[in-house]
Ligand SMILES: C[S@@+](CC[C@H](N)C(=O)[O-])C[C@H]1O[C@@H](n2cnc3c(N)ncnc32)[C@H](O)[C@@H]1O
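For reference, the chain that follows is the form predicted on its own, supplied as structure tokens.
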Amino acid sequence: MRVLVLCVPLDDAELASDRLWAAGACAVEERAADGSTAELRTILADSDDVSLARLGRLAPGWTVSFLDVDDAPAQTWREFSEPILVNDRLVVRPAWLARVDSPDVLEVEIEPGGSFGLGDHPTTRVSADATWRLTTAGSRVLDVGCGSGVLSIIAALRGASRVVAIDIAEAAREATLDNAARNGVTDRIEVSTSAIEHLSGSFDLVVANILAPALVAMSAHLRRLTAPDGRLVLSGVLAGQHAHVIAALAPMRVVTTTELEGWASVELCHT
């Protein structure tokens, strides 16, 4: 198993940990390397290149390396997992836990594998709630950076007529297909590692739960793919620190912003 090791100044440890969670970490181990440096360890993807792509550009003073380790201890986090209550009608449940079995609650069963989160990070929770709220029967939905596929599956279960899920990682494509099968929606989700610039058409809902630099880089395509009367939902950005992302998406305008535990989800529409 390839473990990513991120070394940062001690004062940046919390910010770096949030960056890893947003990039798809299932768990983050923090060690004090010395009196001024923190070392954070996690798993983001099966290959080093994809892990680096998911992590994004490093801040000054941050360094990254990789270690080969035995994968058995890395799975102990599963023992402490619990169902994630997204809202009073939607639960994301780790695949190894028993069903909640409430007639009023939609359960999404997720197996994250070794490379993706369960959906408990604040950015995923607010994105999941937005997907639940904005998807209606017949909607066309695009999930950019699909990871384990949780947002795509929610959209399919809410009645979307077309769901397209893309991610740069082959492991994400495989995880999304596996989880789609678990939830009985394989025939309703198109999954690929296609780059966003290769997509055409328009979508009633575009959801992009990825880091700010990537959102800025693909801003023109996010605008292009959002239908004239559609909605674009961004997450993976820090609360109060995403004005540059909104500026890159102009002339789209902000409809609403939701903040959770220091992270923000922004809903935009065309003017």
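Since this is a predicted model, take the numbers as computed values, not measurements. In case it trips you up, residue 1 is the first one in the sequence shown, and so on. Basically, rigid core = biggest C-alpha set you can superpose within 1.5 Å across the two forms.
Here the subject shifts to the form predicted together with the ligand, a form of this protein not shown in this document.
Note on the partner interface in the model of the complex: the residue among V108, A169, A175, I189 having a heavy atom within 4.5 angstroms of the ligand is A169. Taking non-hydrogen atoms only, G145 approaches the ligand to within 4.5 angstroms in the model of the complex.
Taking the partner from the other structure, the ligand in the model of the complex has no heavy atom within 4.5 Å of any heavy atom of I154. Not displayed here, the ligand is approached by M218 to within 4.5 Å at the level of heavy atoms in the model of the complex. The closest heavy atom approach of A16 to the ligand in the model of the complex falls outside 4.5 Å. Residues of just one listed stretch (241 to 249, 225 to 233, 45 to 53, 210 to 218) have heavy atoms within 4.5 Å of the ligand in the model of the complex: 210 to 218.
A movement of the C-alpha atom of R54 reaching 2 angstroms or beyond is seen between this form and the one not shown when the two forms are aligned on their rigid core. In contrast to the form presented, in the model of the complex the C-alpha positions of R19 and G240 spread farther apart by 3 Å or more. The pair T42 and A169 is at least 3 angstroms closer at the CA level in the model of the complex than in the present model.
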